[in-house]
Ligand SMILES: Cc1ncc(COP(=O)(O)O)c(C=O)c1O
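Just the one chain here, laid out as structure tokens, in the form predicted on its own.
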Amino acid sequence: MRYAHGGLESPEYYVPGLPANYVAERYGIPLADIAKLGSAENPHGASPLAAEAVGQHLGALHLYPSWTADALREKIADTYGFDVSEVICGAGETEILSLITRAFCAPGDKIQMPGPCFPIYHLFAEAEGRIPVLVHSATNRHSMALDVDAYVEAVEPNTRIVYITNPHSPSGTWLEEAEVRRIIDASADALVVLDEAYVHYSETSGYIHLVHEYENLAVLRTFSKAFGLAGLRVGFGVASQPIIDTLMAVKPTWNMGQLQIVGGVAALDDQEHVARTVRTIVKNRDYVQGRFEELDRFRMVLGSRSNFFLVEILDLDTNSTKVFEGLLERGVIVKDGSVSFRGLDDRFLRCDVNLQLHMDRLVDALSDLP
């Protein structure tokens, strides 16, 4: 890794979905008419129980929180069947990803990830002088599913961390448990990190239970999606105690504030909100698939088990950036694959599943493009 003037020479940044108010102001579109489909946010907002708990604890802002977020760790442990010593909490799942990079991969060693993937994987690796290895699959372009054979074969002796994202981002595709086990078994000398940020939308309980079987496995989850707490920044990981002890040693001392802790605790009791959110996503995922059958210049990549999906651009006279900008002019925010995901070329967009109204706005806007 080369540095200039004490910092990274050519820093690369994460590209988030554009905010709705920016698009409304830029294009003169009423805010209520914007379909924000680029950030995978909860269409029903925050967990009501979490919002209530946060409001009730504003009087504690002058007090330091538990440096280990004990109350939230205990709640997570009780909810998912772990010991408190097997749980770590972070300011979003992304903070835990940074801790894992620093703690389990030495500079110059390799971190393996699917190509394309959540950009934070490789951005953190490069910022810390680690080598990201994106394993691309040329055989599954139609479905964008991970080629497990190729992924297993790519693991090398100096691979220190192996990422599995399930459901995968940006495709939303799903790996069965046997496939996840194959990757873990092939990565005996590495820490396998199973990122289950979007697992609720798979309508399964995920594979968090595998932590009880594998000492080299960490499973990460977030409160940003199904619980609707993206603005609060709460995430957690579960793993064997030696892994958690290592992460605790490198994390910032007070990385979780009072409101994050109480909000997360309350959200775990709000299964009604989660269930409502999942019902909406699953219903409208099917709905938008039907609407895409009306289009001949764009294809919805099938098989998503998440709250987003890929759109392939079949019209060779345009590309993802032109379509992205054309959608913005029509009040629809998505993600330009060529900008947001390394290895995803200019033939793809990533679009959220949201309320039916916004799904209609997406398809209607695509139909309206010249």
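A quick note: this is a predicted structure, and the numbers were derived from the prediction, not measured. Each residue number is its position in the shown sequence, starting from 1.
The same protein also has a form predicted together with this ligand, omitted here; what follows describes it.
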**Fill in**
Answer key: of 75, 251, 130, 233, within 4.5 Å of this ligand in the predicted bound form (heavy atoms) is 233
**Request:** Could you spot which one of 94, 280, 289, 216 gets a heavy atom to within 4.5 Å of this ligand in the predicted bound form?
**Result:** 94
**Request:** Given that the partner is absent here, state which listed stretch (164 to 172, 178 to 186, 77 to 85, 242 to 250) has heavy atoms within 4.5 Å of this ligand in the predicted bound form.
**Result:** 164 to 172
**Item:** Triplet 118, 222 and 225 all within 4.5 Å of this ligand in the predicted bound form via a heavy atom
**Value:** yes
**Prompt:** Taking the shortest heavy atom distance, is residue 89 within 4.5 Å of this ligand in the predicted bound form?
**Reply:** no
**Message:** Under a 4.5 Å heavy atom criterion, is residue 197 part of the interface with this ligand in the predicted bound form?
**Reply:** yes
